[in-house]
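A lone chain, given as C-alpha cells: the form predicted on its own.
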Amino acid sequence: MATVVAFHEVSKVYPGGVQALDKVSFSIDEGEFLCLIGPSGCGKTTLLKTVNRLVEPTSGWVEVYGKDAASWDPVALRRQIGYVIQQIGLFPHLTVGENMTYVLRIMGIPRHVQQRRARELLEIVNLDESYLSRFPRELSGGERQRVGVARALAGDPELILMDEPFGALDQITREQLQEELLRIHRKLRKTVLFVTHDLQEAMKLATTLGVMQKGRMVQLGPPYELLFSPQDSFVEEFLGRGGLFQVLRMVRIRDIPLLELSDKMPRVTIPLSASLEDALRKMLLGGEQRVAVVEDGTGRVAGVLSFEHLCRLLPRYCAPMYA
C-alpha cells in the first residue's frame, strides 16, 4: 500500500521557545482515515498544517505524495490537497456551484467541465441541484459544511485534510455529517487526516487513531488497540474505559471473524466498515437475528454476523477493560 504522507522527526518551535511539535515521525497510507486527538495545545492542528505548508517545520521534513513538501510550490501543493476547516471559508459573493469549483476555475478547467463536476459533487454530499444557484447565506450550518467538503473533493485529490470540521455544529447535524463522511470515505477511498477534540467522533471515524501530548505522538494504531492496550497511563486516562458501549462503538466488523453464509441470505445487510454498534442497531430495529456483511464498494457478501455470535465475541473484547 502506497504511503501518501510521511512525517520525519518533525519539530516546530515558535518564537519565545514554545515547542508545538517535538520530533514527530509516522506515515499515513493510501485510503487510511487517521484521526488526531489530544488535549488542547498538543500540536494536532500544527501537525496537520505542516502537510500543506501553512506551517513550516523548524526541523525535520514532511513527505507528500513521495516528495519533500518543501520542494513543492506551496500553491501547487495546496491544489493537490483537499482542505476543510471549522469556519468553512466559503466566498459569500459566489454561488454554491462557484464555490465548489473555484479551484477548478483558477486551474483553467473549461466551464462545462466545472458544471459537470459541480453536479457530481452535489450528489456525493447528498444535496440536490437546486443548491447550485444558492449563496452561502441561504444555507444552514450543516449545508455549508457539506459544500465545504464538496469543494475539498473538487479536484479529486488523493489526500483530504480536515481540521475540526464539525466542531461548531449541533449534535444531530454533526452525527449526520459524520455518517455522510463515512459513506464518502467508503465510496471514494480518499486518504483523510482529521483533527478533532471529540473522542466519540474520532472513535467513530478513524481507521487509525493518533493520540498526541505536548507535541509528541504518544500512541498510534487502530482505535480498539489503543483502547484495549494503552501504551501508558496518559493514553489510558485520555481514552477512558467506556465499558460495553464503547466497545460496540469502536470495534469494526472488519476486525472480527465472521460466520460463513451457509443457508438463506439474511434480509438486512451492513458494510464491513460499520461498527458492532451499527450491526446491533440494525438487528434490533429490523427484528433480525442475523445480518449479511458486505464489502464496501463491491457489495460482495463477506460473511454473516449473528446476535448469538456477537454475544460470544464481546467478552473477548471487554475482558481487557476489566482485567
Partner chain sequence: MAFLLRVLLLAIERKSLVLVSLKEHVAISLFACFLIALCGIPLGILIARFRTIAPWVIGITGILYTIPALALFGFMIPVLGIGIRPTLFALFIYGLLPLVRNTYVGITTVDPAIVESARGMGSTEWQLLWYVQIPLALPVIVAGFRTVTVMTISVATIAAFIGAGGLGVLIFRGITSYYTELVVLGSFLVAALAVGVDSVLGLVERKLLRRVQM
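Positions refer to the first chain, counted from 1. No experiment lies behind these values; they were computed from the predicted model shown.
Keep in mind the form predicted together with its partner chain is missing from the figure; the text below concerns it.
- Proximity of Pro136 to its partner chain in the model of the complex: non-hydrogen atoms within 4.5 Å are present.
- Contact annotation for Leu54: at least one heavy atom lies within 4.5 Å of its partner chain in the model of the complex.
- The shortest heavy atom separation between Ile88 and its partner chain in the model of the complex is within 4.5 Å.
- In the model of the complex, its partner chain lies farther than 4.5 Å from every heavy atom of Arg146.
- Looking at its partner chain in the model of the complex, residues Leu261, Phe307 and His309 place no heavy atom within 4.5 Å of it.
- Residue Tyr102 is the only one of Phe234, Phe228, Trp72, Tyr102 with a heavy atom lying within 4.5 Å of its partner chain in the model of the complex.
- In summary, among the residues Arg249, Arg117, Arg79, Lys214, the only one with a non-hydrogen atom within 4.5 Å of its partner chain in the model of the complex is Arg79.
- Segments offered: 91-99, 220-228, 192-200, 165-173. Contacting its partner chain in the model of the complex at heavy atom distances within 4.5 Å is 91-99.
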